[in-house]
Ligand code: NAD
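Next comes just one chain, in C-alpha cells: the form predicted alone.
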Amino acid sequence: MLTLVTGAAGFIGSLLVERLLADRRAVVGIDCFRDYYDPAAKRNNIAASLRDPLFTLLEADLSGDFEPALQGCIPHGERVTVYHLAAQPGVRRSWGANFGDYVRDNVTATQKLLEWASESGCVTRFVNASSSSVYGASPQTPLSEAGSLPAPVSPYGVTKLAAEHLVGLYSGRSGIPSVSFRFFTVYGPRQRPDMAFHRFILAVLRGEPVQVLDDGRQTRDFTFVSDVVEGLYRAGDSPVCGVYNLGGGNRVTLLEAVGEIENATGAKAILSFAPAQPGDARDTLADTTRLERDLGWKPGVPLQEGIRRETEWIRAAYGL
C-alpha cells in the first residue's frame, strides 16, 4: 500500500508525512512550492523526510501536467490512499485579483487530481482537507455537518466548498470512498507565518505590537496540528465517508488566546487594534460528535499546552 500526500511540504502535510513514515509506510509527496510564503521554510519542513528511503518527493503542479510523473512513482498494481492537502490558503488574500490563484489551486487542481484518481485504477481511498470557512458567518454554534448550512463569506470559502462538492461527485462516479475534513483554526509548530498565532507569538517575543482585528472578543475553535494529523491518519484506514468537522474544542476569544501567549512567553503583549476584515467569521465552534463516534477520534492537546509547544518552536526557528 502506497500513500500519496499533496501539499506534502506544508504545515499540516509535512507533519502527516512524518506520521506515515514513522509507521513505515511508503509515501509519495507532491508539492509545487508556491511562494505564498518563503518556499525555503517548506523545504525545511520536508528535509528530514527526504532522508527516509520510503519517501519520494515529486515537485509538480496539480493544476498542470502532473499525471505522467506521478504515475511513474507508483509501482504497477500498487494500491494508493490519497491525502489531498494542497491548496491556496488564506481568507483575506482571496479577494480581488488573487481569486484566480484560488480557483487554480483549490478547484482546478482538485478536479484534475480526482480525474487522475478515477482513471488510474489504483486509488482505493481519497481524504480531502477542507475548512470551517465553508460555514461562513453562521450565527449557530456549535456548527454541525447536518444542521449548519454552508454559506461562505469569502472567495476562499467558496473554493473550498466547491472542492468538497467535487470530491463527493467523483466519489459517486468512480466508487472511490472519500471523506472531507472541515478543519477549524489549526495551529502549532510549522504554522504559516501569516497565521495569527505565529504572528502573535513572534510579536510578543520581539516586544512588537500584536495586531488584533476587530475588538478581539470574536471566538475561534483552535485545533492543535497533531490532533489534525491524527484524524487524517485514522481516516486513511477507516471506512468513514462524507463530510466531518475536525475541531479542537479549544474555543476562546482572541484576547484570551493572547493571554495564553503571554503566559507561554513570559512577556506582556502590546495590543494594537485594526478593523475587522471581509470574510472573517465572528465565532466558530465545531460539533465533532460524528467524528468522535465514527472514527474514535478526540482532540488531545489543550490550548495552553499547544501554545507552549508553538512558542518553543518559534523561539528555536527565530533564535529567540
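Note that the structure is a prediction, hence the values are computed from the model and not measured. Sequential numbering from 1, following the sequence displayed.
Another form, the form predicted together with this ligand, is not on view; read the next lines as being about it.
Ok, Gly248, Pro89, Gly231, Pro152: which has a heavy atom sitting within 4.5 Å of this ligand in the predicted bound form? Of the listed residues, the single hit is Pro89.
Ok, Cys73, Ala162, Met195, Leu205: which has a heavy atom sitting within 4.5 Å of this ligand in the predicted bound form? Here the answer is residue option Met195.
Whether Ile12 contacts this ligand in the predicted bound form should be assessed with a 4.5 Å heavy atom distance threshold; does it? Close contact exists here: in the predicted bound form, Ile12 approaches this ligand to within 4.5 Å, heavy atoms only.
Against this ligand in the predicted bound form, would Tyr83 count as a contact residue? Criterion: heavy atoms within 4.5 Å. Answer no; every heavy atom of Tyr83 is more than 4.5 Å from this ligand in the predicted bound form.
Using the partner position in the predicted bound form, report whether Thr56 sits within 4.5 Å of this ligand, counting heavy atoms only. No.
Evaluate Ala129 for contact with this ligand in the predicted bound form, applying a 4.5 angstroms cut-off between non-hydrogen atoms, and reply yes or no. Residue-level check for Ala129: yes, a contact with this ligand.
For the chain shown here without its partner, which stretch in 262-270, 59-67, 46-54, 290-298 has non-hydrogen atoms within 4.5 angstroms of this ligand in the predicted bound form? The contacting stretch here is 59-67.
Residues in 161-188 with any heavy atom within 4.5 Å of this ligand in the predicted bound form: Residues within 4.5 Å: Phe183, Thr185, Val186.
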